[in-house]
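Presented below, as structure tokens, is a lone chain in the form predicted on its own.
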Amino acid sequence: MSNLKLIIKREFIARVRNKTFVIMTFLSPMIFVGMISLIAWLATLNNDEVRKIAFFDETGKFESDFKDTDHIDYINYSKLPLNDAKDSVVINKMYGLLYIPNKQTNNELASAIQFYAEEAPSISILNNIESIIATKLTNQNIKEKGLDLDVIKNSRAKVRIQIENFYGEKTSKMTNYVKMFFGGAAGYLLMMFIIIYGNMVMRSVIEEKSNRIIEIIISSVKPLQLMMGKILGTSLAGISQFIIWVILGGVLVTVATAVLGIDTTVTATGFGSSIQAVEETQGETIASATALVLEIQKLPLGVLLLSFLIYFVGGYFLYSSIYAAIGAAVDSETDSQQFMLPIILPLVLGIYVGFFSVIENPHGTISMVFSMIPLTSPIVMLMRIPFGVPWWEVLISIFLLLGSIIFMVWLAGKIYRVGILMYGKKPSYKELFKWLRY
């Protein structure tokens, strides 16, 4: 047992003293926040650009409908010949030319409109132009049928469904988006943790094996103890890094809410009216940010963090034992590539099931089954938990994962025990199965 503690301590210290580990531990949250801020800033710069669009309207129906906006300036070229209008757009380096031909019916006109541009136009701009034309043509069709347009407009009802559970707690449609984001982020982050730290274990084994240090180490330590020491020491480094990220993330969120002036004191019962009051006094943007923060606060963050730690440790032990066995079986990282598919495939499958099944139907059969299968449960169950999962399903998933860990560690230990002293031979799957019988 003392030897195991020494190995764990050695592996942990070797990881946390690594410059890359220290830098990424403290810089990763800042880099993440910086990237989001940069993307938002670049999007703002992109939105500030004003595009000049000329339109050539042969019908004369739309001249008053194309009104300038914050991002688009419309210029009427209808009095020029069409070819001259095209040349003018090219010479003046405008965004494009909208050509509306004269047709006998609105249906013919709707399919004959063209947009000339040097490059493919923005989808949002095309949608905006199509909306303007479609609204005009629709109103004309209504009038031609002898219907009162004002009556129809006034008859349109705007429905905004208020969401509330049976205990009186109000929420909004944003809740599902927040749950989707947190579940997806947790699952993806767990997959990256498993791959990164599993590779650390494998590289450590390969390095000691290639340097022949392993022969000295196992003279005083059992191979299984050495393998478990590497796995445990690296897992403690990963957990330490995750805890630091949670603390830094909490600090950054607190600072962000204070800088943006977001009110987080709104109660659940007064959710709708309070958000509306914020929107009236401070604007729609601050109101949306306030609603987002409140929805995040409603999540079972403590349960999510605890679940992440449990499934991180469980998933890490399951996969890192496989990584350790592969590291012991090969002589270099190049030789290990042939064994990577069985490791990566379940992780990728878990991500795909999470994004395409869990987010759409978190309590469906596919979501539940894959949240029980040990190779995919750490990712899929983490994605399901924000949507609310019965406690007995979580317990079954954890017990199945625990049983699989014990079995996989036993198998990996047998491969590790034989492979750690094997040199100069590129192993195959047949060879690994043979080692299991030793």
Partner chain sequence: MSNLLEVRQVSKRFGAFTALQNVSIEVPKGSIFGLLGPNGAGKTTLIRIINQITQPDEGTVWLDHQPLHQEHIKDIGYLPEERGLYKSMKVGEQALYLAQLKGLSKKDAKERLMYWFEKFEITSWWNKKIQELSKGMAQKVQFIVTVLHRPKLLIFDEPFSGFDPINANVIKDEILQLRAEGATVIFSTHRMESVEELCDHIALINKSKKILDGKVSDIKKEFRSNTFEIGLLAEHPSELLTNLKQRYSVAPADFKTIDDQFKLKITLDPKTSSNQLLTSLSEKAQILRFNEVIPSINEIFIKTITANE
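Positions refer to the first chain, counted from 1. None of these values were measured; they are calculated from a predicted model. Throughout, rigid core stands for the largest set of C-alpha atoms superposing within 1.5 Å between the two forms.
Another form, the form predicted together with its partner chain, is not on view; read the next lines as being about it.
- Heavy atoms within 4.5 Å of its partner chain in the model of the complex belong, among the stretches 206 to 214, 337 to 345, 149 to 157, 304 to 312, to residues of 206 to 214.
- None of the heavy atoms of K426 is located within 4.5 Å of its partner chain in the model of the complex.
- Contact check for K222: a non-hydrogen atom falls within 4.5 Å of its partner chain in the model of the complex.
- Taking non-hydrogen atoms only, I218 approaches its partner chain to within 4.5 angstroms in the model of the complex.
- Among residues of the shown chain, L436 is not one whose heavy atoms approach its partner chain to within 4.5 Å in the model of the complex.
- Proximity of N3, I7 and R17 to its partner chain in the model of the complex is complete: all three residues have a non-hydrogen atom within 4.5 angstroms.
- With the core superposed, A14 shows a C-alpha displacement of at least 2 Å between the shown form and the other one.
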